[in-house]
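One chain comes next, on its own, written out as structure tokens in the form predicted alone.
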């Protein structure tokens, strides 16, 4: 086989993989929207979220803008709706009042866009232009749609009514961590990436970062541990909260994680996708904001890890000194490594994924719950927006906080340990939890 023939074969393999990912992603989007009737699709279930039908048409519009028009050079299908589905033109709370496509029109629109996209994929060289090298633009759109799928999943959690989403229970705990924490040695590591073909702009460029030695929890903080914080007066102890956090706790009247309620005998219950059930003790706590996470950490004499500490713990291989794609290595995540992709509708108990642990024994860094860090969302040194400012750049230095690791609703296409998420410190509707860290002693640092 000639070099040219080999390159053509590689491109055809990549095209087939992209087509499969596009199809898998769209099936998830349709499952999230087909599970409710038209009235539920067009209703706004929280002012924090868009109507589900907006998200559906929005992912189609982004696909049309980037793949049909830009990559494919084709004429617009519906240029008249671009303004309606521009996320920066209309706040989420205002979107229900817009003349949006109705559910039937939205489904027809995304179907028509997808037909054009597949035609573009078939005839576009996946090299020679940065936007299409190794299928980047297609990967960007796949990840964009999956991000909105997780957003739609959060909308489902906020909606009231009977359960409409169903999934098998998460696996039981197999091998809980044998220690509460591990020491992560100090030293340099490679943070970020230049090698991931579908990595987004805020993950780039890779650079060497020095991290001092620190201790990191081997598992996320559990519901049982968080309930102890509440029982110890956690929401009333001013000394455990930052000034900003205490002001928000009072203003928002926080008393427990979102969706938790307590009955007269002291039992905690939670509402989960339409089901009310006792809070499972051994699952990571979820639906807490940054301020709650910080207060808990202070209550136990600890702190949240920095983003660099989190990434070093998740990626650094002490045997080789290199940064790996995932905590367990470079192999793609499977259902035995992590709780991802809406395979289950809840975090898994601590210890459910021993194969996903780091060599040092840190569990469940990827999947289950996004983890708050102590770092503000800024660009890596040398950051350059690509291919558009509105993905990352407009949020940098804007009061947003970094979350890492992904949740049970995060797709495996974004499960690489360099992936960065961000949100406002007060947000609780997202599937966020946390784990704690502490400084190493002077002796441990030397």
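For clarity, every value in this text was computed on a predicted model and none was experimentally measured. Numbering follows the first chain given and starts at 1.
Another form, the form predicted together with a small molecule, is not on view; read the next lines as being about it.
Asker: Can you say which of 339-347, 310-318, 244-252, 142-150 gets within 4.5 Å of the small molecule in the predicted bound form, counting heavy atoms only?
Answerer: After filtering at 4.5 Å, what remains is 142-150.
Asker: Can you check whether residue 58 is within 4.5 Å of the small molecule in the predicted bound form, heavy atom basis?
Answerer: Yes, contact at 4.5 Å.
Asker: With heavy atoms only and a cut-off of 4.5 Å, decide whether residue 386 touches the small molecule in the predicted bound form.
Answerer: Looking in the predicted bound form, residue contacts with the small molecule do not include residue 386, since no heavy atom lies within 4.5 Å.
Asker: Test of understanding: in the predicted bound form, would residue 298 fall inside 4.5 Å of the small molecule by heavy atoms?
Answerer: Although the small molecule is absent here, residue 298 would stay clear of it in the predicted bound form, with no heavy atoms inside 4.5 Å.
Asker: For residue 422, is any heavy atom within 4.5 Å of the small molecule in the predicted bound form, or not?
Answerer: Close contact exists here: in the predicted bound form, residue 422 approaches the small molecule to within 4.5 Å, heavy atoms only.
Asker: Note which of 92, 107, 237, 272 lies within 4.5 Å of the small molecule in the predicted bound form, where distance is taken over heavy atoms; exactly one does.
Answerer: Result of the distance check: 92.
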